[in-house]
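In structure tokens, one chain follows: the form predicted on its own.
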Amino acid sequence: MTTNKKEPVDPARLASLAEVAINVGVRLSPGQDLLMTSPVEALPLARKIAGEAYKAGAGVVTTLLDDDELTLARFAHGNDASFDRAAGWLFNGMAEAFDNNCARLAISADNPMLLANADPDKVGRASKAQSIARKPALEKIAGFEINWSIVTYPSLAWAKLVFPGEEDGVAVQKLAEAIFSASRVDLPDPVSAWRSHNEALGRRTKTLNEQRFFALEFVGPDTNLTVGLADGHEWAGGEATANNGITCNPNIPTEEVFTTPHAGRVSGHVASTKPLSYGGTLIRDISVRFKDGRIVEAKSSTGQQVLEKVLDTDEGARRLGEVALVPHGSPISQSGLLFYNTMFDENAASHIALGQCYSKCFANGGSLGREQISAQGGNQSLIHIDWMIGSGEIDVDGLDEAGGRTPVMRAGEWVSLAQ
């Protein structure tokens, strides 16, 4: 006698996620090439995405795979000098592809604890080398020159961290269901649901842009932070139009509206409200102090050495490139889950990002050069790392240049201004 055992990852939902990735995420244009990166474990999703891409008229879909065991082999056996090297030729090739209008899609399924037992010095050096090598490609993404997006897949190691104590299959199934819900692919018409969601985020960004705030002030437990906003900043959220004219959703899922801080006008102190998973290391309880836009003190309860290496990547690594507002009542927050994954946790809480700013968060950003963006307060860096500072205990006010104050969030929720 045989029994039908339910698959941990529902194939029908996975197919819907692939459809959303192509038709909502990158919104691939007929004839356009696609560069996709994926962990080996996420091949079931990568295959479905490739199929959807070709259905949409893709030119060539090129997929680059990575594997946790290959990564661990380097840290177990690599010679010391290898940790200061990275495959710059690969990122140069990516930049050339983007110059030729190739779209970009990344599948994330990271094990947040992959490098927990690795030498923190080697982790930091390898991350810095990778940041330097990928600069040509990152600049194309940060400059929003082409349509791009990120989606996620429930890897076993990630699932076991989110659902400790569960059997392997059950943990993967629960994480898959959480991903499908947050990505809106558990609804009857996911593409239509994304259209409505984008419209709601668009209304919120329109309201914030009309306010023309000079700064935002965050106040709550262990937090009193003033984030000056860049001159000529623009709020964005949900879908956006890249410089190649294609409108896409860079993040699946997304609940945030965000803009560019002024790199020289951030002051005060702030504490993280969720752990940061970075480069296979979990950095908990981050606490920093800013002066004149720059982090001058930083500590964490775990991952301190990696945090210090990140902050020393370059001058811009200690300054902000993004500030984002997310209501505590967002669906991802209300799930009650800690995902240990920035793609999800950043959509459960307001957050800031160290490093590179996005040119699209300026009025006429597509026509601005690096010098003009810097002159208006936009930060330049090899990194862009989001970490969460919002919760149900954080208030946010918008400040005008004269010091006038407008409530934006109370106890982590939007006030009527931004509904």
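All residue numbers are counted from 1 along the displayed sequence. Model, not experiment: these values are computed from the prediction.
Here the subject shifts to the form predicted in complex with another copy of the chain, a form of this protein not shown in this document.
Visitor: Check R195 for me: does it contact another copy of the chain in the predicted complex (non-hydrogen atoms, 4.5 angstroms)?
Guide: Looking in the predicted complex, residue contacts with another copy of the chain do not include R195, since no heavy atom lies within 4.5 Å.
Visitor: Is H269 near another copy of the chain? Define near as a heavy atom within 4.5 Å, in the predicted complex.
Guide: Output for H269 is no: heavy atoms all beyond 4.5 Å of another copy of the chain.
Visitor: If you check in the predicted complex, is L35 within 4.5 Å of another copy of the chain, heavy atoms only?
Guide: Yes, L35 sits close enough to another copy of the chain in the predicted complex that at least one of its heavy atoms falls within 4.5 Å.
Visitor: V310 near another copy of the chain in the predicted complex, any heavy atom under 4.5 Å?
Guide: Taking the distances in the predicted complex, the answer for V310 is no, it never comes within 4.5 Å of another copy of the chain.
Visitor: In terms of non-hydrogen atoms within 4.5 angstroms, which of the given stretches 366-374, 353-361, 381-389, 61-69 touches another copy of the chain in the predicted complex?
Guide: In short, 61-69.
Visitor: Quick one: P250, V257 and Y278 and another copy of the chain in the predicted complex, is every residue within 4.5 Å by at least one heavy atom?
Guide: Not a single residue of the candidate spot has a heavy atom within 4.5 Å of another copy of the chain in the predicted complex.
Visitor: Check each of G220, P120, G202, G93 and return the one that places a heavy atom within 4.5 angstroms of another copy of the chain in the predicted complex.
Guide: Looking at the other structure, the residue within range turns out to be G93.
Visitor: Residue by residue through 354-375, tell me which have a non-hydrogen atom within 4.5 angstroms of another copy of the chain in the predicted complex.
Guide: The stretch does not touch the partner at all.
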